[in-house]
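Only one chain is included here, represented as structure tokens and corresponding to the form predicted on its own.
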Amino acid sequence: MLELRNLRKSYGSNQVLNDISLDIQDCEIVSVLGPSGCGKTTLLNVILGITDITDGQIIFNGEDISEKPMEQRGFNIVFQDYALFPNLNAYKNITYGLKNNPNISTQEEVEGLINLLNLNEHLDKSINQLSGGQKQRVALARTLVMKPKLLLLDEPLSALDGVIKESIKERIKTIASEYKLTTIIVTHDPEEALTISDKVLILNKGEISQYGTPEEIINAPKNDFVKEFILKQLTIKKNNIFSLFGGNNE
């Protein structure tokens, strides 16, 4: 379990995160949702360990890791821009981290991931020969061969659309289920958050507006911000998400 307790992050007088407290259960997919500048990426960075917290605690499986360096936390992230190595082909990108840690994943496990992500026919291709969806799958495979204790995804679907986006969503859910992997996804898109997640965290100005299941967010928004943010974004996209969760958009 990941526990955040009274988490705060400030840059001088600018308070980016204010009193963030929540529990994320093992194997849950949790989306962090909110408008630009609400603190989503900062929250991801403090969990990963890229950014120090100003106050509060980060507890993972009963251990306070607030002061633990990033490389000792055992978490891993797929960045929005994939951060793949352009000079290596897809297979060498996937197995890059295993060069110095060869015992983390067996060859059989690597091949299983490649099959799961349907990458077999792309392994010899250079990165610039891959589509956005293929790059996303390579980035996921590269992260997963390292067997992270926690998977962090920063806007994983923002560069994708249509059938490709739906395919990647399904693969993320399959991976989380098959590998029993706790997953945190940062997104600005309510549709993504509500259809991929077990829980949704909605941030506004660095504070929690609501944390609950997609059904709770749709059917029982806790305040006007949640109601208006979700309604506005989904109305713009003409999305039928309300009927999917038994709510209405009136």
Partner chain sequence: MNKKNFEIKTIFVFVTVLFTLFLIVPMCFVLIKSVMADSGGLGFEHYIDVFTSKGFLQAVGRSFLVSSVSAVITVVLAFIIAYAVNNTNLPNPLKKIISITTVFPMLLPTITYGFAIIYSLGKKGLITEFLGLNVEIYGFRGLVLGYVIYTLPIAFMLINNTFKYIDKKFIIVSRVMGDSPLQTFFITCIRPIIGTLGAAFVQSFFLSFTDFGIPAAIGGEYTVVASTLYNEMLGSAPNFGNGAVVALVMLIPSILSIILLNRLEKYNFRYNTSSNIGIEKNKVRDFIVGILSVVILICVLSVFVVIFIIPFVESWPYKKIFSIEHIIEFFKDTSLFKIYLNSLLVSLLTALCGTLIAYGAALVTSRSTLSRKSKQVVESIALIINTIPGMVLGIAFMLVFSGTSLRNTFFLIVVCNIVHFFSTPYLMMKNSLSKMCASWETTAMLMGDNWFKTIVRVVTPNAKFTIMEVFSYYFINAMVTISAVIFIVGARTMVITTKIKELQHYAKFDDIFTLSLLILATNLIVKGIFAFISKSQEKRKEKR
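Positions refer to the first chain, counted from 1. Nothing here was measured: the structure is a model prediction, and the numbers come from that model.
Here the subject shifts to the form predicted together with the partner chain, a form of this protein not shown in this document.
Pick from Asn87, Gln107, Thr174, Ser131: which residue has any heavy atom within 4.5 angstroms of the partner chain in the predicted complex?
The option sitting close enough to the partner is Asn87.
Tell me which stretch of 113-121, 174-182, 136-144, 161-169 has a heavy atom within 4.5 angstroms of the partner chain in the predicted complex.
The contacting stretch here is 136-144.
Any non-hydrogen atom of Cys27 within 4.5 angstroms of the partner chain in the predicted complex
No - in the predicted complex, heavy atoms of Cys27 and the partner chain never come within 4.5 Å of each other.
How about Asn103 - does it come within 4.5 Å of the partner chain in the predicted complex, if we only consider non-hydrogen atoms?
Judged by the heavy-atom cut-off of 4.5 Å, Asn103 is well away from the partner chain in the predicted complex.
Considering only heavy atoms, tell me if Tyr96 and the partner chain come within 4.5 Å of each other in the predicted complex.
Answer yes; at least one heavy atom of Tyr96 falls within 4.5 Å of the partner chain in the predicted complex.
Interface membership of Ile77, the partner chain in the predicted complex, 4.5 Å heavy atom rule
The answer is yes: Ile77 has a heavy atom within 4.5 Å of the partner chain.
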